[in-house]
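Single chain ahead, by itself, as structure tokens, in the form predicted on its own.
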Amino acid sequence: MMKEEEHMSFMRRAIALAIEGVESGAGGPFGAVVVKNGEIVGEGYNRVTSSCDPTAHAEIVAMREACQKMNTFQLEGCILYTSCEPCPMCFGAIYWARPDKVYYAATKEDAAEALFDDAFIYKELSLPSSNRRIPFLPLLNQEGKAPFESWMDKEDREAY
């Protein structure tokens, strides 16, 4: 079991990465660290603008590195430390990766004050898909079910 000082040390690393990312011009002010058994297995800072990748948030970068290093797509047994409460995309990715715990420093309200406000995304999710700012429209629904049928028929599929 980790001590509070260890948790604070990993969070300070996430915060330092966020500042490093800002100072390097890589992207927004966010950093993250993935820890397993008291060791950092993945870390990163936001690289959205420098990589021209809207998914290159700090949490995603750190989780990708950790998963590659550990040769797995799950982060069970890991703890994620992030300099700010995760956005909706990262929140979803965290649940798919299944770490044991997430610690965050700044809140989503702190992020909103710095012009990183995700409230509009939460509002959009609650709207009917055709009423969203970016409409989501169904097309070829029956044909779209074929990949799921193929998946269900595959005997050696790896569930996640």
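Everything numeric here is computed off the predicted structure, so don't read it as measured data. When you see a residue number, it is the position in the sequence shown, counting from 1.
The same protein has a further form, the form predicted in complex with another copy of the chain, not shown here; the description that follows concerns it.
A residue is said to contact a partner when one of its heavy atoms sits within 4.5 Å of a partner heavy atom; residue 39 fails this definition for another copy of the chain in the predicted complex, lying far away. Not displayed here, another copy of the chain is approached by residue 8 to within 4.5 Å at the level of heavy atoms in the predicted complex. The shortest heavy atom separation between residue 77 and another copy of the chain in the predicted complex exceeds 4.5 Å.
Of the residues in 81-107, those that come within 4.5 Å of another copy of the chain in the predicted complex through at least one heavy atom are, in sequence order, 83, 84, 86, 87, 88, 89, 91, 92, 93, 94, 95, 96, 97, 98, 99, 100, 101, 102, 103, 104, 105, 106, 107.
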